[in-house]
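First comes one chain, alone, set out as structure tokens in the form predicted alone.
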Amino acid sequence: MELADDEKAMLDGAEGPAVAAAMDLLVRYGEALGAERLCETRNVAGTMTQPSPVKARLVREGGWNKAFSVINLDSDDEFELPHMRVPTCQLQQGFGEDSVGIAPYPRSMVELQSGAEAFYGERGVNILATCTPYQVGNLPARDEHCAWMESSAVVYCNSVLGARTNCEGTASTGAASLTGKIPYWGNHLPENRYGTHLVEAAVPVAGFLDWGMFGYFVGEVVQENRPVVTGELRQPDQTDLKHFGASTASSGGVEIYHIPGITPEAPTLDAAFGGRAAPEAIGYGSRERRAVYETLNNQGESTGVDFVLLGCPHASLDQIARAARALDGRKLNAGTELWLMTPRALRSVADRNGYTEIIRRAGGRVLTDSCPAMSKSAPEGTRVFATDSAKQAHYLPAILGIEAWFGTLEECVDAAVTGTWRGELR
């Protein structure tokens, strides 16, 4: 790779050993990818405070500097961690203090995470603790080069915001935070952002449920390619686009999609394909819609529901309000728990608006920072859960060995109140 003068200086140790190790990692990473150079980034979203048994051992052995060196710089040496060179945020992590006594999650991991937040906060990491950093202030500009982790965040960053990032890892984001550099490859290159597949909806796609199911279908048929979607699409809002992208990334590996007239790089179908002729459309009709719904619901046999999970990706304020309205004046079934996951910053607004109290009075919980899939933790004894998230319906049965039902928020709330799944495709 060709390095600029400032990059050579960092590699040679001009800014200290930690930065030199970070630059060495990026050079090796970029060369393995075939990148010809690095590019500037001023927006990093990674995982530094996420607790784990390995991190606990490293902290015991050598402290937080040791843990960062091994996990975030892929180095056996121990470096004194300087202040982050560029704006850096922590994505979702483990459950925090608000889960104690609710989630069966080790108190030791909560305490380890608290120590990590203090350490990294002093060094310039914004502890947003969410898979949706764009909902709580991290909004990169169009065409800005970023270094983000987390599949649903990456696809939103590329597609909805029009910024540029690949799906990075713990080490590459750690190195980017200290150097302000990332290999210039993949989604950073304009020519790699044009559509490769055309998917056309012949049935209306409107609302959270249908955008999620359509996304699941799109991801399954294009896998890691770049879909352009058209057809009977009703105007999506931020929440619909969040759910659609998360679903494409779960069933496939989509990192960027285009909706002509909606997403910033696709004012027209022609622009979405970079002036090339659009390929033959892949159809999504009633049969395909039904098949997706059945796929997402083929992991449930018992209609008895003991856990309802809302907020994946983390719920927006509008979603919290909808859940509060659906629960207002009602009580959860004695054998069923309901957790709604959201960023801590939005939880504060929900508290002020009274939404949290309505959910609490019904017997539900509004939790922050993590999710059952990330923390591998659900209520004790959970056998069957219901969710309005295609992503969680896809992942959580495998992670926790439980059955799943997928449907609308209102159907999930009904299951929480009655203890019984009664959802159906309409």
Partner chain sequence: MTLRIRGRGIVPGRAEGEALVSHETISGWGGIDPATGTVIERRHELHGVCFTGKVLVFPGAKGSSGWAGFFQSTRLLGTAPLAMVFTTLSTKSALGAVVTRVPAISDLDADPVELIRTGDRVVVDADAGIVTVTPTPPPS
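Just so it is clear, the model here is predicted, and its values are computed rather than measured. Numbering follows the first chain given and starts at 1.
Note that the form predicted together with the partner chain isn't included here; everything after this is about it.
Colleague: Just to confirm, with a 4.5 Å cut-off on non-hydrogen atoms, which of S172, Q135, T336, T88 contacts the partner chain in the predicted complex?
Modeller: By the 4.5 Å heavy-atom cutoff, the listed residue in contact is S172.
Colleague: Quick one: from R360, R42, R28, R383, grab the residue that has a heavy atom within 4.5 Å of the partner chain in the predicted complex.
Modeller: So the residue touching the partner chain in the predicted complex, by this definition, is R28.
Colleague: So in the predicted complex, does D210 come within 4.5 Å of the partner chain, heavy atom to heavy atom?
Modeller: Although the partner chain is absent here, D210 would stay clear of it in the predicted complex, with no heavy atoms inside 4.5 Å.
Colleague: Can you check whether I71 is within 4.5 Å of the partner chain in the predicted complex, heavy atom basis?
Modeller: Yes, contact at 4.5 Å.
Colleague: Does A56 reach the partner chain in the predicted complex if we count a contact as any heavy atom within 4.5 Å?
Modeller: Heavy-atom contact with the partner chain at 4.5 Å: absent for A56.
Colleague: At 4.5 Å between heavy atoms, is D76 in contact with the partner chain in the predicted complex?
Modeller: D76 belongs to the contact set for the partner chain.
Colleague: Give a yes or no on whether each residue among V110, D369 and T387 has a heavy atom within 4.5 Å of the partner chain in the predicted complex.
Modeller: Spot residues vs the partner chain: no contact at all.
Colleague: Out of the stretches listed (135-143, 348-356, 228-236, 159-167), which one is close to the partner chain in the predicted complex, meaning heavy atoms within 4.5 Å?
Modeller: Contact-bearing stretch, as computed: 159-167.
Colleague: Quick one: name the residues from 258-295 with any non-hydrogen atom within 4.5 angstroms of the partner chain in the predicted complex.
Modeller: The stretch does not touch the partner at all.
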